[in-house]
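This document starts with one chain, in the form predicted alone, laid out as structure tokens.
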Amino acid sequence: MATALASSTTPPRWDPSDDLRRSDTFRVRWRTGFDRWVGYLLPLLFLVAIIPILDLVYYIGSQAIPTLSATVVTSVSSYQSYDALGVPIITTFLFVALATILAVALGLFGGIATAEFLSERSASWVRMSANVLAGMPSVIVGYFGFFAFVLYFHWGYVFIAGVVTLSFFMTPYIFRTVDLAYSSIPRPIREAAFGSGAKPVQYILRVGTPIAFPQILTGVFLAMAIGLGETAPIVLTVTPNIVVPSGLFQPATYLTYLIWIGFSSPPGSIFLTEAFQAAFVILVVVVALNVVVRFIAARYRKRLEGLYH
């Protein structure tokens, strides 16, 4: 009787697996609850981020659209007559076009070399340098262009100085996109191309580039959109002018220069009206660039669908 009573009052033996199972159950419940709440939280965070942007777009549009017309946009009379944006728009497109050509040449060469030819150690150093340049404030790039091209090379405040400075600002974005595009090509495709006797240049031109083209195109248009909205690389290297530049060593006017001048003017100034007009034009062009690049990339991916998988 005593033995049976003692055995009935003895506590159960501790089993470590019980604590492990309880810990696993708590962890699963916590993760499940966290996933459920994140599903509700992400749309809320999206609204918090998008509402100020939409408010800014509405404010710029409400200030610019009443004074904006086809005549204002297309006329190439002096921008100092306060009735035309033709000269700044044309010159801005020239800036972006020439800077994009230089940036694509540098970024494409650097990205292909890093992804396909350099060793892992050398490639990591190049990628780190590109990340540093991509995160550098535009005013630092502007001061670099000022000291390098305006002062050291004695070019002065001219069109070519702004173009080259802007291309240096755009190059890291194109380089990173090109490097990622070629690095993400599946290894079996690369091995199959070389196994078939293709030389590196043949592989890049005939195999790698068609696969990487949509990503490269996205990076180029992203760099164009970023360059279109920059001010410091232009303000610090170029003197504004009232006509479209007739040569590389001529003064030039940029749309963001009008914004910089206008928003530093007192309320009610005609320069402020012109600044809103320039900001709205840049906004429309950036949105159009994003829509065009997504449409082209989507159609190109559809054409390649199933060919390289």
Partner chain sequence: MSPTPATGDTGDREPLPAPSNEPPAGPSPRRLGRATVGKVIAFLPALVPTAIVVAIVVTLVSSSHLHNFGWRFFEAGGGSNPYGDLVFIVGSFLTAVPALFFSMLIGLGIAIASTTYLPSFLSKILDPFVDLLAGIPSVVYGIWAFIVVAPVFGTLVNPWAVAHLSFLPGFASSNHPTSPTSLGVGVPLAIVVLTLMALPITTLLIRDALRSIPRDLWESGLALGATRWEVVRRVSLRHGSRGIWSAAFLGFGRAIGETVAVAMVIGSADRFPVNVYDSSNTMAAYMFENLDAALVNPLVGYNLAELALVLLAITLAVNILGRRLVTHIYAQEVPGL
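Numbering follows the first chain given and starts at 1. Between two forms, the rigid core is defined as the largest C-alpha subset superposing within 1.5 Å. Only a predicted model underlies this, so the values are computations on that prediction, with no experimental measurement involved.
A second form of this protein, the form predicted in complex with the partner chain, is not displayed here; the remarks below concern that form.
Engineer: At the 4.5 Å heavy atom threshold, is F249 in contact with the partner chain in the predicted bound form?
Structural biologist: F249: no, not in contact with the partner chain in the predicted bound form.
Engineer: Taking heavy atoms and a 4.5 Å cut-off, does L98 contact the partner chain in the predicted bound form?
Structural biologist: Because no heavy atom of L98 falls inside 4.5 Å of the partner chain in the predicted bound form, the answer is no.
Engineer: Since only the chain is shown here, I'm wondering whether W155 would be in contact with the partner chain in the predicted bound form (any heavy atom pair within 4.5 Å).
Structural biologist: Contact with the partner chain, no.
Engineer: Answer yes if any heavy atom of F144 is within 4.5 Å of a heavy atom of the partner chain in the predicted bound form; otherwise answer no.
Structural biologist: Although the partner chain is absent here, F144 would touch it in the predicted bound form, with heavy atoms inside 4.5 Å.
Engineer: Using a 4.5 Å cut on heavy atoms, which of L94, V72, L205, L180 is close to the partner chain in the predicted bound form?
Structural biologist: Going through each option in turn, the one that passes is L180.
Engineer: Honest question, do F159, I211 and G268 all end up within 4.5 Å of the partner chain in the predicted bound form by heavy atom distance?
Structural biologist: Looking in the predicted bound form, the three residues F159, I211 and G268 all stay beyond 4.5 Å of the partner chain (heavy atoms).
Engineer: Output the sequence-ordered list of residues from 240-270 with at least one heavy atom within 4.5 Å of the partner chain in the predicted bound form.
Structural biologist: Those in contact are T256, I259, W260, F263, S264.
Engineer: Would you say Y58 moves between this form and the one not shown, meaning its CA shifts by 2 Å or more once the core is fitted?
Structural biologist: Comparing forms between this form and the one not shown, the Y58 CA shifts below 2 Å.
Engineer: Would you tell me if S246 moves between this form and the one not shown by 2 Å or more at its C-alpha, with the rigid core held superposed?
Structural biologist: Comparing forms between this form and the one not shown, the S246 CA shifts below 2 Å.
Engineer: So the Cα-Cα distance between S264 and Y143 shifts by 3 Å or more in the predicted bound form; is it shorter or longer than what we see here?
Structural biologist: Relative to the displayed form, S264 and Y143 move farther apart in the predicted bound form - a change of at least 3 Å between their C-alphas.
Engineer: Flagged pair L42/I226: C-alpha distance shifts by 3 angstroms or more in the predicted bound form. Which direction, closer or farther?
Structural biologist: The answer is farther, because the C-alphas of L42 and I226 separate from each other in the predicted bound form by 3 Å or more.
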